[in-house]
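First comes one chain, alone, set out as structure tokens in the form predicted alone.
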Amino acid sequence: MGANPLDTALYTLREAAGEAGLDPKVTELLSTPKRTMEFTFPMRMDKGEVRIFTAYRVHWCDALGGFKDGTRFTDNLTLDECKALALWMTIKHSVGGIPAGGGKGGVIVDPGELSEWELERLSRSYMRHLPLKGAWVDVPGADIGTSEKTQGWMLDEYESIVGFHSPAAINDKPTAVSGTLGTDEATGLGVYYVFEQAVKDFDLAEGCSVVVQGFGKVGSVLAKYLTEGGYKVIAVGDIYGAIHAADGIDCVKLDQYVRDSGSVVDFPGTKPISNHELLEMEVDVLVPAAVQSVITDQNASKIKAKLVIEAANGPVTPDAEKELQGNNIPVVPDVVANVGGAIVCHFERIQGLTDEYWDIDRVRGQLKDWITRAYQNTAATAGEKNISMRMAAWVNALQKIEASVKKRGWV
């Protein structure tokens, strides 16, 4: 197996379909996206020149509900990446009990090279040229390279086009334009809730040691909650390097340090290590919280953690997971562990449709209930069928999707 995320996603689909006894026609239906959109748009830059940008949006399957999920502004974005993420989101929504289908898209661009005005024009242009959109059709959210700021601009552009307010048409937007409280922390906090359940289930000691690979939107939130929860974070890494402290790192202070310096590197009281060493440390729990395919068949045999929890999308390749299983290292999969962001996006859409806005305690309480239930359902199926937690999550999701597909008369 290669590290192409679409290959990884489709491989898991085929394996889980066999385990679930899925109707072959349903498997065939779920093996390709319902709709793939590739489009270009021109945009005038600050200095007057015109650049042509390439953009994507993929709709995978909407048997459970309308399409939803993130928008990436990255300079290496590919159509295969969008397809893989749309399939993962289809499964993730089903696992999380969210009545939605999986969508993903974005623009090939390095947002760091854009001025504030150019970023606003790009966000508005993407929304303007996106073929299908709206609260009941496709609801884009934020992802890598986007933020509540870009989502606020997208909402304003959409409402300018349709001529009326529609806060449920965009997710991950600021609270000032009818967003939900808790958006920024949703995925990381959700991982923390899953972490609390998993360490108990796998008999790891209270205050066990943790390595967090990635200190962005997800990893930084998770790491702060781990420190506050009494767990010992012994190493953290980002794209610039990694740090280690045997007695633990205060990730609340580290978060402020990163806000000031831009990186975890040289945080006082720690020593530098490589990102390879980070992944291969002796630790109770390893949490990959950055990008896909960081644990592969090339390094899986060197993983010494007792448990891996996937906070990123697809950080463990299928071949690597087989190696980990052979070494008795269980993996809590992405479609369970990081579904918190999708769950809170669902809450955001509910609030936008009803004009009833929740306080932070209600958001956090509901998030904990929803993601804990998703984890427990997955663990139960894994135990009943004697299969991995990834297979269990996908089996549960696929059986739910299959039931809807058949009741709709699609196959």
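Please read these numbers as outputs of a predicted model, since none were measured by experiment. In case it trips you up, residue 1 is the first one in the sequence shown, and so on. Definition used throughout: the rigid core is the maximal C-alpha set that superposes within 1.5 Å between two forms.
Keep in mind that the form predicted together with a small molecule is not shown, yet the notes after this line are about it.
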Q) Since exactly one of S209, T146, T317, Q213 fits, which has a heavy atom within 4.5 Å of the small molecule in the predicted complex? A) Q213
Q | Listed residue (D238, D138, E321, E81) with a non-hydrogen atom within 4.5 angstroms of the small molecule in the predicted complex | A | D238
Q. Are any of the heavy atoms in Q151 no more than 4.5 Å from a heavy atom of the small molecule in the predicted complex?
A. no
Q. Would N171 count as a contact of the small molecule in the predicted complex, using a 4.5 angstroms cut-off between non-hydrogen atoms?
A. no
Q | H93, heavy atom within 4.5 angstroms of the small molecule in the predicted complex | A | no
Q. Is N338 close enough to touch the small molecule in the predicted complex, meaning at least one heavy atom pair within 4.5 Å?
A. yes
Q.
Among the candidate stretches 126-134, 156-164, 112-120, 288-296, which one is within 4.5 Å of the small molecule in the predicted complex when only heavy atoms are counted?
A. 288-296
Q | Rigid core fit then I239 CA moved by 2 Å or more between the shown form and the other one | A | yes
Q. 2 Å or more on the CA of A142 between the shown form and the other one, with the rigid core superposed, yes or no?
A. no
Q) With both forms fit on the core, has L114 moved 2 Å or more by CA between the shown form and the other one? A) no
